[in-house]
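One chain follows as structure tokens, the form predicted alone.
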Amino acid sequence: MTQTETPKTEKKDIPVNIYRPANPFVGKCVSNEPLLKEGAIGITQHVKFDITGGDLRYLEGQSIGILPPGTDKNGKPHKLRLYSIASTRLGDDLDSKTVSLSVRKLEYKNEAGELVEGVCSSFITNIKPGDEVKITGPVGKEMLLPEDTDANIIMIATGTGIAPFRAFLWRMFKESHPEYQFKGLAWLFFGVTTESAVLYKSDLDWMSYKNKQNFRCDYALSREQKTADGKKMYVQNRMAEYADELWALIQKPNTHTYICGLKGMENGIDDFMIETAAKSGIEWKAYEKEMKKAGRWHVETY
């Protein structure tokens, strides 16, 4: 089968917009746990919501909307923000009664030097067990896993972009499913600033140890690691260490590549792919279009 003939990911029953902003689902916070270790900068939390009593369901790779309480400076209700779901369809408790998010609190200084905090990210990272939350969705078909359990899955993440890949990996390696027994190769490239900022590191390391044949995990720590020529180690630099192997894998018709994280990561990955493809005499942007058409190149950045 040629690349262009590879079928797109097919999902017979993809839940979309079960709940909309005009009529959101009201869930409750179950837990709110810090994800960063001591020394890491900022606040990033793993937040779990109870979704019992409604019809909300979702698939790995989808997102939900959160409607923060209160109004904006014009007195209008705050607009929803979308967040990638970090749990499998069964939820962290394997009972299909929860949904989890990985959320970093947005903080920055404006031109006047004043600290600005993100409305929705502050609400979520400060939420307490028992507090109510308005949820919409789910949305998204771009980041769904293929049904082919022999597929190879390359995942490239920065920061909280790990969220959908946590869902992927938990489904592959931590849960047991008669209908889904992953037999391909899952390869994660995860870029953060320091080791203390690697989200879910103990779980990722345990899974890679227990599943040496099926799961590889490579970190890029930009403030602690250097490239061979002494520059900061970003995710594309880590990928470049495996350029030939990666390129051979990406070209296989049963390989899907997923990118999730800050939009700025795309340029570095693009440069790496252009250079790597050129070694084989292939023009990357044209090849990337073919891969997207075949449903094998998935990007969700923000």
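Residue indices: 1-based, along the sequence shown. All values derive from a computational prediction rather than experimental measurement.
The same protein has a further form, the form predicted in complex with a small molecule, not shown here; the description that follows concerns it.
Listed range touching the small molecule, judged in the predicted bound form by heavy atoms within 4.5 Å, from 22 to 30, 258 to 266, 240 to 248, 48 to 56: Result for this chain: 258 to 266.
Of P146, G159, G91, P138, which one comes within 4.5 Å of the small molecule in the predicted bound form, counting heavy atoms only? Result of the distance check: G159.
With the small molecule left out of view, choose which of N211, T227, N126, T193 has a non-hydrogen atom within 4.5 angstroms of it in the predicted bound form. Looking at N211, T227, N126, T193 one by one, just T193 meets the 4.5 Å heavy-atom criterion.
4.5 Å heavy atom contact, Y234 to the small molecule in the predicted bound form: Within the cut-off, so yes.
Determine whether any heavy atom of K183 comes within 4.5 Å of a heavy atom of the small molecule in the predicted bound form, and answer yes or no. No, no contact at 4.5 Å.
Contact flag, K76 vs the small molecule in the predicted bound form, heavy atom cut 4.5 Å: So K76 does not count as contacting the small molecule.
Considering non-hydrogen atoms and a 4.5 Å limit, does the small molecule approach R104 in the predicted bound form? Answer yes; at least one heavy atom of R104 falls within 4.5 Å of the small molecule in the predicted bound form.
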